[in-house]
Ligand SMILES: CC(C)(COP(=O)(O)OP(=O)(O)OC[C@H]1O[C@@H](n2cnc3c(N)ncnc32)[C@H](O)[C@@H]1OP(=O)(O)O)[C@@H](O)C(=O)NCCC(=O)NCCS
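Before any questions on how it binds or moves, here is one chain, the form predicted alone, in structure tokens.
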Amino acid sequence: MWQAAAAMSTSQEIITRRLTLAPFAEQFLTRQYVSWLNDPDVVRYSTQRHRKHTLESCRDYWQSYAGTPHHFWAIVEHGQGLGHIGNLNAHVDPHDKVADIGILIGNKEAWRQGYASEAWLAVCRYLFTQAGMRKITAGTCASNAAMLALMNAAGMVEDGRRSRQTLVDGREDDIVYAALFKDSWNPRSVDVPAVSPEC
């Protein structure tokens, strides 16, 4: 279904109850996608807020995954007709078996529906059971309550903090890091995704 991605990524398609996480492909490079990255509400806590995005810059980002061990998925909703609602990536260190993941739910109609949790938990399962990772990490601003709730719902624990590291709406904010370890991971938590605010 997503053949165009085959040459660009080693990512596998992941299917959940309501979503397909498809290896990112040309069909997902749309003006709608670009508009998410230029929407201050969507990228409020992301470093993407510091850049102006175009189709060309988004294509360059996608193509930067070629030939790497990293993963870049489009999150596609099936059932409600929302289609492409966001993206999820994983930067993999194959030597230390660690993956750092990040998510963007760009379609505001998909916010607060639990899609972020569903995608996040499915990718954690994939990284532990299919990709051989032993640790999964993530980070966010301390004021990003939705992302903190998502990491907590996935069973992640705080793994460090950088004080007053960034500015959000002109105010200093900490960056909080969290981790999930394979040897203490509960795979049953993936079967019933937690519904939490979307990040």
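Quick note: we count residues from 1 along the sequence shown, nothing fancier. Model, not experiment: these values are computed from the prediction.
As for the form predicted together with the named molecule, it is not shown, yet the points below apply to it.
- Listed stretches are 124-132, 89-97, 76-84, 104-112; the contact stretch with the named molecule in the predicted complex is 104-112, by a heavy atom cutoff of 4.5 Å.
- This chain is displayed alone, yet in the predicted complex one of 29, 156, 142, 149 has a heavy atom within 4.5 Å of the named molecule; that residue is 149.
- Among heavy atoms of residue 34, none comes within 4.5 Å of the named molecule in the predicted complex.
- Although the partner is absent from this view, residue 58 stays clear of the named molecule in the predicted complex, with no non-hydrogen atom inside 4.5 angstroms.
- In the predicted complex, at least one heavy atom of residue 45 sits within 4.5 Å of the named molecule.
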